[in-house]
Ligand code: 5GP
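A lone chain, given as structure tokens: the form predicted on its own.
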């Protein structure tokens, strides 16, 4: 990255006294870890900082240091000099946070999704970075910021999870250099890894059992899927945060080239989460047909319709992408 690029961020924040920070609905560790780390840096800079997420700081991510800095957004608009949206490709994916941003507030959009719609007044999009956390670490290095152990742990969690433990496409020497630097700042890698990967609630195991028992195969067994109707959510008492990562078990099956998770939502919508195993299968392109987006190998959408209808329509589009 060039100095001029990172100066876009510095210039947008230089004269700001009050700054809001938030990330997307259904947050993952990149979303929350980036939010927390950036908020901590802004505080170190003497800014008055407020961090939001539509779901606040969910229990799943209480292993992140200073997670309590993230709160639920208020129902009434708040005035900020600058509001920073992190890891959010489409503004409406901020959810109820949008209602907390007063009209006229300058929005700084920092993200790594190739499908980002550049909705900010100032946009810094680096689609070559596999995680927003990596962008922030490189920005902190550029401005000579002190990266505390708390900031480093949040950023390491962001990068580790969004790269599939440094396995996914986009992981490169920059990524490992970032991870190495963060470890030097005080990350307890074994302890953090246990918290991220070896501390799952029983209800998530029950959800995984359901996914494996009910998995379906399509397109000559090249696509694996599982569905989660609302009545099963109530029966298993699973939380939205329990869904993350389960789709990867289906993608890992030999011969499967793409996996899709269909989750029935209230108000006649279905959440679609798609993953591909090979760069030639662009699930982001498919999700865009349903007004979604993401990365070429990991994308999603929220689609109007019944579970059966959305599933059939999406699988047809994905099958066409695979066969073509």
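Worth saying up front: this structure is predicted, and the values here are computed from it rather than measured. Residue numbers count along the first chain shown, from 1.
As for the form predicted in complex with guanosine-5'-monophosphate (5GP), it is not shown, yet the points below apply to it.
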Identify, from the list 90, 215, 239, 107, the residue with a heavy atom within 4.5 Å of guanosine-5'-monophosphate (5GP) in the model of the complex. 90
When guanosine-5'-monophosphate (5GP) is placed as it is in the model of the complex, which of 198 to 206, 90 to 98, 180 to 188, 231 to 239 ends up with heavy atoms within 4.5 Å of it? 90 to 98
Using the partner position in the model of the complex, report whether residue 12 sits within 4.5 Å of guanosine-5'-monophosphate (5GP), counting heavy atoms only. no
Considering only heavy atoms, tell me if residue 269 and guanosine-5'-monophosphate (5GP) come within 4.5 Å of each other in the model of the complex. no
Decide whether residue 301 counts as a contact residue for guanosine-5'-monophosphate (5GP) in the model of the complex under a heavy atom distance cut-off of 4.5 Å. yes
Examine residue 273 and determine whether its closest non-hydrogen atom to guanosine-5'-monophosphate (5GP) in the model of the complex is within 4.5 angstroms. yes
